[in-house]
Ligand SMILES: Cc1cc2nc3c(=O)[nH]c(=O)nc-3n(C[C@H](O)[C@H](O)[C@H](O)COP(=O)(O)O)c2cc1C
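There is one chain below, alone, in structure tokens, taken in the form predicted alone.
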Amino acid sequence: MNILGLSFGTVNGKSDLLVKEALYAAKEAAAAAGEHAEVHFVNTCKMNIGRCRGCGACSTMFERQGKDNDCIWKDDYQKVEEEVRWADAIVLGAPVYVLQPTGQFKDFVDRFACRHDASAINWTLDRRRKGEVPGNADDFPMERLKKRTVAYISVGGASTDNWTSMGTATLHLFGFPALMKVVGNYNANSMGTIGNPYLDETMMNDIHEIGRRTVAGYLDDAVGFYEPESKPAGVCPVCHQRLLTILPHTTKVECPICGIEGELSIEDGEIKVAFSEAQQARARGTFAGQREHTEEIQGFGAICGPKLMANKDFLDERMATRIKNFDEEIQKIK
């Protein structure tokens, strides 16, 4: 099997350290299971990974031209994407600077997720098989859809985890489009007082268990999500985050990561949330949850097309006078 460590932190910094220690445990677990494992480690800090420019070329080539949906902008993104496509089990770590992981991670995810969305890919491949769109479904590189496990490590300095509250939550954006099985996430905060992860035995034990589960979860579907006793338990039963969006004027809440709805209650002074089995089955990291979104997107044209055509002259005039010539027009306001 192929095991990948991916770090968005400084070279040989704390993110690197924690990811590498998890990789040691992952390879040991593979060896104990009688599996030969190749391990790659990639640090992206000095790589040039530009942002997604929203050009739509990847989807246009895939849906209308019968080609692969490769990104047309060439930089170091492709190197990292190829490593992910090679991998069966992944440990991903990133530092938190302002509540969320460093921006380079989001730049990578914006380009990766849209091209590895399992529902969208299968939607187009099904249409190719029916002859509704050009291209041969058998030509598509199906390793994009293969089974993978992933674990997330968020690294921050603050001793209160609310300064890193969106760290592991944001890291989940990487794996759910490709339906990766998440075996654990860890908020390695308090680095400002711990100094170095090697000085925290509990943390290192947790990281090793997360690394072990990247392999164990790949080899055995029954292996569940790891919630260490050293960290507060999650609320969402799918992503195990503690973030909730309150739906106004109701007792209902949503997990902002999984998009599933739950019912909030207070029992003996404690907040509890119940998520039904039906809701859990439509989380964003499931094929059913993604298919909801795919069907919504595919319906945009029928809604917006007639609206845009009916207002074409008005919109063209507004774009010409207020948007494209903004610098000149804004000066006319005295």
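Note that residue numbering follows the sequence shown and begins at 1. Nothing here was measured: the structure is a model prediction, and the numbers come from that model.
Although it is not shown, the form predicted in complex with the named molecule is what the next lines describe.
Point to revise | Non-hydrogen atom within 4.5 Å of the named molecule in the predicted bound form for each of Gly9, Ser15 and Met191 | key: Per the other structure, all of Gly9, Ser15 and Met191 touch the named molecule.
Exercise for review: Name the stretch: of 207-215, 177-185, 67-75, 90-98, exactly one has residues whose heavy atoms fall within 4.5 Å of the named molecule in the predicted bound form.
Suggested key: Stretch with heavy atoms near the partner: 90-98.
Check your understanding: Gly157, Gly259, Pro237, Pro228: which sits within 4.5 Å of the named molecule in the predicted bound form by any heavy atom?
Key -> Here the answer is residue option Gly157.
Point to revise | the named molecule contact at Thr164 in the predicted bound form, heavy atom, 4.5 Å | key: Flag for Thr164 set to yes.
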